[in-house]
Every structure is written in C-alpha cells, then in structure tokens.
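The chain below stands alone, shown as structure tokens; this is the form predicted on its own.
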C-alpha cells in the first residue's frame, strides 16, 4: 500500500513521537533523518499519510502524530526487535533463580522486572483452570459431611479442596466415586469435563443411580474455582506517565478490574505462538483506548501455561517492549521445564 519512501517517513514519525511525545513536523524529520528530501516533499508525504489514516494533526499549526492504524502498520512491519538489554537479562535471571520453586513468586517477580525496566505496567497470569487436564481425582473423608479432594493434573497435584458432600460418605463409597470419575473424565480438560457433567446430569436422572448422582455433584463442586490470579506491578510509575494525566481515574478503574484483565490476557495471547500486540482502539474496552498491550505466552510440558506482558501508552517503544516480553516468556518456559 505504501511505497518504500513513504514507509520510511512514517516510521521516522512514529519513532520520533515515541521518543519525544511531541507532534512531529517536516523540518524535524528533514534535520534528523538523511532522506535527501526537501521539507516540502516531506510535508506532501505527511499529508498523504494523514489522508490514508496513518497520521493525525492535533491542531492546524502542529505537526503530526501516529494514529492507531499508523502504529499497527509500524508494528506489523518490524522485521526484528531490539535485543533485551543486559541489565534486564541480569535482573530477570536473578529473580528467576530466587523464585523458580514458587510459581506465584516467579510470576510476580517477572512482572515486576518487566515493569522496572520498561517503565510500563508489568503483568503476569497463570493459565485459567479450565485448560488444565485432569489425570486423576482422589477423595478422602475429612470430617462430618466434608471430604478432601485432590486433583492430579498434567501440571502436578496443584488443586486441593475441601467440599461439603451433604452427607457422611464412607471411604469405600469415596473410592467407588473416585474410580467412576477417573474412568469417565481422566484425560479431559476441566472445561471439557464441565460439558460432560451436563450430559451426565441428564443421564443419571434417567438411570436413577444414587452413586452416579453423588459423583456428579462432587465433581461439579470440585471443579469450581475462584477467578485466577493476576500479578500487576509498577502502577505508580505507569500512571505518572504524561500520556494519562487527564484520564487517570478511568484507566486505573479498568486496570484494577481483575476479571477484565484476566479476560483481556486470555483474548490476546492465549492461543498465539510468540508475542501479540493490541493497540489503542483495538482494545475491547473504551477505558483502554489510549493503551497498548504486548503479551506472550509461556509453556510448561509443551502446553501453554499462562501469559506475561506489559501495558503502556500507544506511543510505547514496541520493539523494546516486544523483545523484553518475548525474552521473559522464554525464560519462564525454561524455568518451568527444569
């Protein structure tokens, strides 16, 4: 769509605005970049880019600023990203070594390191429970009509719950129930099991089987989890950026909404290999229209285990942010594989 000369001018404007946060004029481009083009030619190219929707002019006497479409074109054309700086690598590796045995500490430390070195908001979240594959479920008598449930998954024995059974169940009955559940649901993800449970609830009514009824009730309760955890770091530095001076309360409300942020991370990066970038108006919520998100997934055992990324202004240094997020995701994947 754009010829090489026009692309170079667009990229120069995008990078200049990222660095200065000031509208960019033709004289600045002529003095700063060796394009061998006159200010008049640069102005004509900038006018064309504005007509195409890649640039905007805040007011008549000002230079131009990139639009979301301009940023998107720029990001999509990045053939390679900056290498993550040595200071970031050293800090990240240090935190990995200190927290590798603790997933929560690992994710929080990773988000904090990203924030400290990018000056943006760092965030990390494990995969939602629904994608976890069940290997085995074990049931144990606890007290009165309560039972202890241990879910062994493809990620290890990570889920322990105490649930109320509604009546005292003998160890023999619990073994029969767990045998039935393992036979029916082992190897399925939690989301798949929930769908199968709906069918089982219809089937058990037809069979009038008390054991199956109780097994379905227990399994449904055992697979009910609270919203996943999300780690958000660097809020005070992030909100201090000049880009947000007039919309602090609105933006803060969106970022502090845990459910919204988890859903956003899942939408952007959960099914994509490598880094994903969501720019400005591409965000699903109007509160995020001045923000960009760079996110990548990390893996455990060859499967997606969660997401890590940064949120910043649309004039984010995308090349640098993508490099750091990509590096963080790779290091977390390696740490979880040891």
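From a predicted model like this one, the values you see are computed outputs, not experimental measurements. Numbering follows the first chain given and starts at 1.
Not on display, but discussed next: the form predicted in complex with the DNA.
*Asks:* Honest question, do 24, 37 and 61 all end up within 4.5 Å of the DNA in the predicted bound form by heavy atom distance?
*Replies:* Looking in the predicted bound form, the three residues 24, 37 and 61 all sit within 4.5 Å of the DNA (heavy atoms).
*Asks:* In the predicted bound form, which of 300-308, 274-282, 53-61, 287-295 comes within 4.5 Å of the DNA (heavy atoms)?
*Replies:* It is 53-61 that comes within 4.5 Å of the partner.
*Asks:* Report yes if any heavy atom of residue 67 sits within 4.5 Å of a heavy atom of the DNA in the predicted bound form; otherwise report no.
*Replies:* Although the DNA is absent here, residue 67 would stay clear of it in the predicted bound form, with no heavy atoms inside 4.5 Å.
*Asks:* Test of understanding: in the predicted bound form, would residue 46 fall inside 4.5 Å of the DNA by heavy atoms?
*Replies:* Contact check for residue 46: yes, within 4.5 Å of the DNA in the predicted bound form.
*Asks:* Out of 165-180, which residues reach within 4.5 Å of the DNA in the predicted bound form, heavy atoms considered?
*Replies:* Residues within 4.5 Å: none.
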